[in-house]
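The chain below stands alone and is given in structure tokens; this is the form predicted alone.
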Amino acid sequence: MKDSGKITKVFPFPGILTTCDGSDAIVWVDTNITQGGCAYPITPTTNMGALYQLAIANGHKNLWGESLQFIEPESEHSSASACEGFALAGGRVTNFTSGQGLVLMKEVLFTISGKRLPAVFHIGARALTSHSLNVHAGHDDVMAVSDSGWGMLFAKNVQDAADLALISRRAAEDSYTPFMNIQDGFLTTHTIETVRLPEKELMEKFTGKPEKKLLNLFNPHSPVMTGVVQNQDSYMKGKIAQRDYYDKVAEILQNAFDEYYQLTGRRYGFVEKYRLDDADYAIVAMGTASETAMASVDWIRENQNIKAGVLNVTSFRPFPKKEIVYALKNTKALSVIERLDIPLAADNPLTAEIKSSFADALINELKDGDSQKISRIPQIYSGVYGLGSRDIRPGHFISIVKNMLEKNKKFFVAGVQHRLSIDEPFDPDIRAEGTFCMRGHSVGGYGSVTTNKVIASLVEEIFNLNVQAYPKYGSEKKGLPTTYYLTVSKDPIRTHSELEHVEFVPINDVNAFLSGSPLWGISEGGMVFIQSSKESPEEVWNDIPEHARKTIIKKNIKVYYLDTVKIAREISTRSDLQQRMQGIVLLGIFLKVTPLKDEAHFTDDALFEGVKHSLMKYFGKKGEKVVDENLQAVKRGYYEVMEVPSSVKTEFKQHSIELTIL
């Protein structure tokens, strides 16, 4: 195809454009290409197992018409053993786990790799329980098993999670080496993003039929002895013989990367370089932080005139020491940031491996045909960030680069106050022009998180825009405060952090004014929606604390209100749905007050036709009545939402001026 005089390559499988989270992406792939799953539920990967089981309950068959199997034994250790047996019998098997669950199965991980069983486990990387329990993102769990002989690939977003599910499967089966496909817990597993899911035809072509690729070591007609006891005369010979397999893994993985690119146009590699060709300073990371760092260095280059770049490490096993040295050798300094902390080690794992790689290169240990001896090692800084999903923001990356420029702390901490912390000078708005952001304040159980997902899906489908919807999950459950975020943009969304620069703030829980600062970061001329049972705008306005009213007037913020609870009760007769349906009313309010509908030149009829389609996606299996009730809730929110007029706010402004004079 020619485009403006240039030849553009057309790829046969560009992907199915949709919205989903990392859990949905994994299940889409694995319910089509595997034959069975063995897993024990553990946050944040429970959804993967639940969705896999749901597919089985609905009669779903894989690409070759086979019914899927699922085993949920009494623990993660047992689930790994079940996977071992499934793979020994020649089956293509999957597992979903994280945190303590992954560490609990470590004993079996060694056995699976030692027997050359090409299973793939999907990990929602999670902080380990150390001084306290945390169910959120951390790389402690995967690093705790990084010595077990498995390949380990890290996704930086939902798209990566879907594609690497296929790439890891292909590499595992071609090399007889098990792989882990890793994504950050909650930050990817539960974040809705615009993605291109692999087509069924692509998955069938890329992975192939299981029985043509896998060995059945439990075939009674061709018996093989496995898992035997070996003493001094035999054990070491078998262990060292494993290297004949492992030495081939890197080349096999590269072939999988290359073929996947030829089929889809989506390029993956051991590492991903971003603006490193002329970089003086580099940030090295794995997972979601890499993409936020990429957006941040764009701002740093444009506004601070510092040549900064990012290296995203996709493959931790096999470790790409040659690729890392080549990518970073010309920098003055680099900062390796890691989502874990091991204080008694010489360095945290990624930093240690990178230092080792540079040491090998300096003494000319990298002797591949195109390698060359380096004469210097860049200054290597090491940092800890994001433990337990602690927010990592553009301001942190600015500080990380500043720390290298000033040759300050060789080991640092980002995101908390500590003697090892680096400064956070400011947190700029690095969003692409025209990006629209929403930060909602609600209560668990009100349906706001589901509404956020529905809004994201609707915006992508109807308005053809990129979306990212992320709930700030907590271990607290129903009835306690919760925050959720939505970003909409014409451009790809690269930041994975809590939103402070927003245009719209819906407040389902008016107590948010007392427990926090819900108007923090709202833009000039922004919008606020307040759930209120009051009927007059004066009453609504008087319920807002004085400090918030001052902010509203100063920033010329529009204030909308409606009793969504009353509407939900009037629509649904089911008490278990009434509380959640008030969140769906918010969808109608969102469509009314935001500029998306007008910018797309949509009529109300066309808009609600799209809304119904999105509601079918989420609630269709619950019946037509539930869909119709939700659609009615959206329409009432759209048509009944009211605005506090400027005259009411002007009266307060005049009163404030008089008090100031007095």
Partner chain sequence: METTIINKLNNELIDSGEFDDIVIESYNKGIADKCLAADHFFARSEIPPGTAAKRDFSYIAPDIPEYLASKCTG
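Positions refer to the first chain, counted from 1. Keep in mind that this is a model prediction, so the values were computed, not measured.
Below: the form predicted together with the partner chain, not depicted.
Colleague: In the predicted complex, does W299 come within 4.5 Å of the partner chain, counting heavy atoms only?
Modeller: W299 lies outside the contact set for the partner chain.
Colleague: Report whether the minimum heavy atom distance between P537 and the partner chain in the predicted complex is within 4.5 Å.
Modeller: No, P537 stays farther than 4.5 Å from the partner chain in the predicted complex.
Colleague: So, in the predicted complex, is G238 in contact with the partner chain at a 4.5 angstroms heavy atom limit?
Modeller: The answer is yes: G238 has a heavy atom within 4.5 Å of the partner chain.
Colleague: Do E524 and the partner chain come within 4.5 Å of each other in the predicted complex, heavy atoms counted?
Modeller: So E524 does not count as contacting the partner chain.
Colleague: At 4.5 Å between heavy atoms, only one of the stretches 455-463, 580-588, 560-568, 205-213 reaches the partner chain in the predicted complex; which one is it?
Modeller: Among the candidates, contact is made by 205-213.
Colleague: Going by heavy atom distances of 4.5 angstroms or less, which of G114, G85, P492, P481 would be at the interface with the partner chain in the predicted complex?
Modeller: Answer to the contact question: G114.
Colleague: Only one of P545, P425, G516, P223 has a non-hydrogen atom within 4.5 angstroms of the partner chain in the predicted complex; which is it?
Modeller: Looking at the other structure, the residue within range turns out to be P223.
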